[in-house]
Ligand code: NAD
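What follows is one chain in structure tokens, specifically the form predicted alone.
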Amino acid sequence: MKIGFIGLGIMGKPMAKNLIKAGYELVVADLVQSAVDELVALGAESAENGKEVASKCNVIITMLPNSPHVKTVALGEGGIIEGAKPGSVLIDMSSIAPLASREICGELSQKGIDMLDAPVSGGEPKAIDGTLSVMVGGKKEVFDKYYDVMKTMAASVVYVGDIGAGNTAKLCNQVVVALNIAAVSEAFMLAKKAGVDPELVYQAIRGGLAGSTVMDAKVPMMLDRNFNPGFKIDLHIKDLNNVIETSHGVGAPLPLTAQVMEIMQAIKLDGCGIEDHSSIVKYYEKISNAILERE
């Protein structure tokens, strides 16, 4: 099977590499030529734009920053819709607004092109080792047909409903992750200010009810002062914008999410937008006048 892959950023590049490792032929496109060259060196074929990718592949995967980028690549000039044949499928693994997924799907369907919205969770480390979580919306029969393709990049691939449901699930995921990082930051800053070694507190509570995947992933980063981005603050802000817009549309007030959004906006103003979202702890460091680090 020949697969098109558009978007070779922090997440997309390792995902594409895992498809090549699994034996799939790839046609890739990205605005960053060095990323394209890296995949070509592994055996992929390069393409100029979405139209060219779609003309060569019946399955096209996109991994792009936000709704406008996916709309442009899918529906714009030189886009997927211009090159795809009836019966092709777009698997959009970007994290975008559910309404945007539905709009794109509606346009593609008029040309006989199917679509799945299949956003991922896990950040760069899980993209590299192929253990992402994928939440998928669209036609169940299309999901079943391309399950194995998605499973190549993931430990978990779950069907959650019609088109847009995948991105709704991802928004829920991003709420839980953001609130969890903020809760962890508050808790370990409390330990620090109380004069108790935060690392020992972490070891004491991680096996109980407070333990979580987020805690295990982010507390060591905080203690090591390692804020290299697995998932950038700027991207989490983008996701929470989609969360809040969607919540207003469906009548689901999210007061805690709104508070964490303001925390992220504050640290973005301090120059942390390109850092990992674990740098939420820097907000608590600033208001507590203390640094969370290994003792």
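The first residue of the shown sequence is 1; numbering continues from there. Everything numeric here is computed off the predicted structure, so don't read it as measured data.
Below: the form predicted together with the named molecule, not depicted.
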Inset, instruction - Counting only non-hydrogen atoms, choose the one of 247 to 255, 226 to 234, 261 to 269, 37 to 45 that falls within 4.5 Å of the named molecule in the predicted bound form. - result: 226 to 234
Inset, instruction - Find out whether any non-hydrogen atom of residue 94 is located within 4.5 angstroms of the named molecule in the predicted bound form, and reply yes or no. - result: yes
Legend entry - 4.5 angstroms heavy atom contact with the named molecule in the predicted bound form for residue 11: yes
Inset, instruction - Answer for residue 124 alone: is it within 4.5 Å of the named molecule in the predicted bound form, judged on heavy atom distances? - result: yes
Legend entry - 4.5 Å heavy atom contact, residue 238 and the named molecule in the predicted bound form: yes
Inset, instruction - May I ask you to choose, among 60, 63, 26, 243, the residue with a heavy atom within 4.5 Å of the named molecule in the predicted bound form? - result: 63
Inset, instruction - Report yes if all three of 6, 31 and 73 come within 4.5 Å of the named molecule in the predicted bound form by some heavy atom, otherwise no. - result: yes
